[in-house]
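A single chain, nothing else alongside it, follows as structure tokens in the form predicted alone.
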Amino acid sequence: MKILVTGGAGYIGSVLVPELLAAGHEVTVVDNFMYRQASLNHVCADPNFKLVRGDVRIEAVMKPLIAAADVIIPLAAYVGAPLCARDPIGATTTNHDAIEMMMQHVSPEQRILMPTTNSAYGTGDEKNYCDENSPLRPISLYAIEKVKVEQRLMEHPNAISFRLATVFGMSPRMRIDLLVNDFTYRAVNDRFIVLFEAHFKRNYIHVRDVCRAFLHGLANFEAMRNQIYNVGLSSANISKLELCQRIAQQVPDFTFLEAPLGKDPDQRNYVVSNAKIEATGYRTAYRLEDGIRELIKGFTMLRNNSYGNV
């Protein structure tokens, strides 16, 4: 198929695009390269790969690209609460307005597989439990915009929404700010961390398992279309304290302390069910421990020391 991936040079896209090419698809990526990343160097030799440097908010750029695609995977976004808070106009125009514009130009036959976020749950019920039918209580601008575009997406007759858990793992366009990645980086480099509201729980998923979910959705589209699916690692509904304990199993001198005062600015706290997508035959391949081990190796190479002397 001809697949258009927006934001395809990002954290997820730079892992997903090579997998789509390996599966025999023709892939066009549009990205504005706002992070100056060169994360798709390794696929430029593939004749089925096409790259457009452009902004998904510009209709003249997107309209012909949308028209040429069988499948659209819109990854381009300002991802995460801190970035959206820093630039709310950029966040809204990219995360919401660009999707609205895309929806105006897709035909009913075109397929869309879009990542949203399970952070939209905010908190669960009295047991912090959430499935796809749970009420949405988005806290951040990022989650609020994702709820809006998911509602719009599900008006399309050929769409799947993947509500992603917090993603972890190494990627050619690395993000150190994601929780597992951040905590592991601190363990490797600082050897300590102070936790606020350490009992807060959330769900996690390896970046390669996210990509496997998209491939699974493509392969089983007729059975899965017009549905919303949580995509997470069912064995990793854990608290921040439990996450640190898992990291300490591989970084023994990692010290973590619970702060007696103070609040986490991100008030997410939930346990997520992934039973719905698992019922379609999808299974994760990477454990949390696998991701931590991978990150430790990666952070041996990668140091965030642009303004340091050592």
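Predicted model only: the values in this text are computed from it and were never measured. The first residue of the sequence shown is number 1, and the count goes up from there.
One more form of this protein, predicted in complex with a small molecule, exists but is not displayed; see below.
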Worksheet, complete the sentence: Interface check vs the small molecule in the predicted complex: of Asp55, Asp264, Glu278, Asp70, the one with a heavy atom inside 4.5 Å is Asp55
Discussion item. If the cut-off is 4.5 angstroms on heavy atoms, which of these, Arg137, His156, His96, Arg175, is the one near the small molecule in the predicted complex?
Written reply: Arg175
Worksheet item: Honest question, do Asn237, Cys244 and Leu288 all end up within 4.5 Å of the small molecule in the predicted complex by heavy atom distance?
Response: no
Worksheet item: Counting only non-hydrogen atoms and a 4.5 angstroms cut-off, does Ala248 reach the small molecule in the predicted complex?
Response: no
Item to complete: Although the small molecule is absent from this view, report whether Pro115 comes within 4.5 Å of it in the predicted complex, heavy atoms only.
Response: yes
Item to complete: Although the small molecule is absent from this view, report whether Leu233 comes within 4.5 Å of it in the predicted complex, heavy atoms only.
Response: no
Discussion item. Against the small molecule in the predicted complex, would Ala76 count as a contact residue? Criterion: heavy atoms within 4.5 Å.
Written reply: yes
Item to complete: Choose from 249-257, 25-33, 270-278, 43-51 the stretch whose residues reach within 4.5 Å of the small molecule in the predicted complex, heavy atoms counted.
Response: 25-33
